[in-house]
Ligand code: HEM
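As structure tokens, one chain now follows by itself in the form predicted on its own.
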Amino acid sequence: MSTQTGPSDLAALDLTNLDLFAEGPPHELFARMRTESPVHWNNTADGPGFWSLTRGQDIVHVSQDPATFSPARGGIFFRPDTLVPLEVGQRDFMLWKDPPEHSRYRAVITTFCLPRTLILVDQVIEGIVAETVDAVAGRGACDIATDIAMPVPLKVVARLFGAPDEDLDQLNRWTKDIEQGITHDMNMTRSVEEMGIYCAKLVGNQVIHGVDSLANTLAQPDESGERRLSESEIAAYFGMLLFVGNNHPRNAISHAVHTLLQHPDQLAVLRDDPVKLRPTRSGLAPVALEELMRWSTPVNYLARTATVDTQVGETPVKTGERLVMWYASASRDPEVFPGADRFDVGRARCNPPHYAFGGGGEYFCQGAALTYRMLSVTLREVLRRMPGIELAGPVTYEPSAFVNAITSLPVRFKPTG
């Protein structure tokens, strides 16, 4: 985990410098910023500057006021045209939209994301995890990042799409293209358009033939008999879900295993009592999963743009200025989490438990329950089927300010049948 503290003078700091994220989020630097400059103006070498927010209370303030701090005005990344031109994001993608349009999407999708609905996909997740672990359990060694954490979310999301297994490699390539586009501020319109065409065909086939999938669920009419989302809107949502539902749980699984290997006493607690990793039937995540998400937030940041002259904390913010919310920092804020630099699966339940799914409000991640379920099932199976698991080589990271991604996590363990 990166401990770089950055330049001696924070005025020279540029958090778009990917060297700072070579080994994950720079937690020592974030700790320094929370103390010295929690609302910090970040000049960049080749683009517009922005305010960096590193305290939990400031991120909650901005997250829960979309009228003042908009995702639509300037997009959700460092630069407005990252990944796709801003107008394309505003038109097609839910995360770029302001209320009330965002609220319309959210209301429809919430039905599917309710814990009582997701219980229905538990058997699917369990089957995918079992077959994935089966493929490596007899070897006595594997790479958690590529052999476990990559295929599990990819297959789960594909199953929800109703996508055939022969398309998995293509879905994975699009996911990687999007991640690289965000990380390196590239225009990936071609990949996004290809993915949109694919999703539109998939949605059309499922709606016509009544396939039992997420697409068919979202296309069902509401109480008035009108379709809640059009096929093109569902296709755009699928594109977003393909990345978010695949990339973020992948990173959560890799980091969870790595964290437990770094804290063998905590690993032993969970191996002895795997119930501590199981969500309740109502969907409430156990403290152990919340602590794993707090410790290694899969997404480092998202951005907003001020719609009026305002302030954050004691710092004035002008209309049009952009703000970057560093979730990875907020999840280690000692003003929110007592003993924030201590990993403890038995810590007292905090409110919020972490900032891995945002700062609350309208844009709280709707995939939280699905991520918890994938993480829970995967960890329980890994601990059960890989006794004596330990690191077997160097851990490598994606140098990215956006995603907190492990690219390789080699382990060895006692082979099991």
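This structure is a prediction, so every number in the text was calculated from the model and none was measured. When you see a residue number, it is the position in the sequence shown, counting from 1.
One more form of this protein should be noted, the form predicted together with the named molecule, which is absent from this view; the next part is about it.
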property: Contact residue in the predicted complex, chosen from Arg347, Arg79, Arg106, Arg159 - any heavy atom within 4.5 Å of the named molecule; result: Arg106
property: One residue of Val121, Val269, Ala141, Leu95 in contact with the named molecule, assessed in the predicted complex (non-hydrogen atom, 4.5 angstroms); result: Leu95
property: Options 187-195, 278-286, 168-176, 242-250; stretch whose heavy atom lies within 4.5 Å of the named molecule in the predicted complex; result: 242-250
property: Contact check for Leu13, Asn17 and Phe21 against the named molecule in the predicted complex, heavy atom at 4.5 Å; result: no
property: Distance check, Met293 to the named molecule in the predicted complex, heavy atom within 4.5 Å; result: yes
property: Partner contact for Trp326 in the predicted complex: the named molecule, 4.5 angstroms, heavy atom; result: no
property: is_contact(His255, the named molecule) in the predicted complex, heavy atom dist at most 4.5 Å; result: no
property: Distance check, Glu28 to the named molecule in the predicted complex, heavy atom within 4.5 Å; result: no
property: Within 284-309, the residues that have a heavy atom no more than 4.5 Å from the named molecule in the predicted complex; result: Met293, Pro298, Val299, Leu302, Arg304
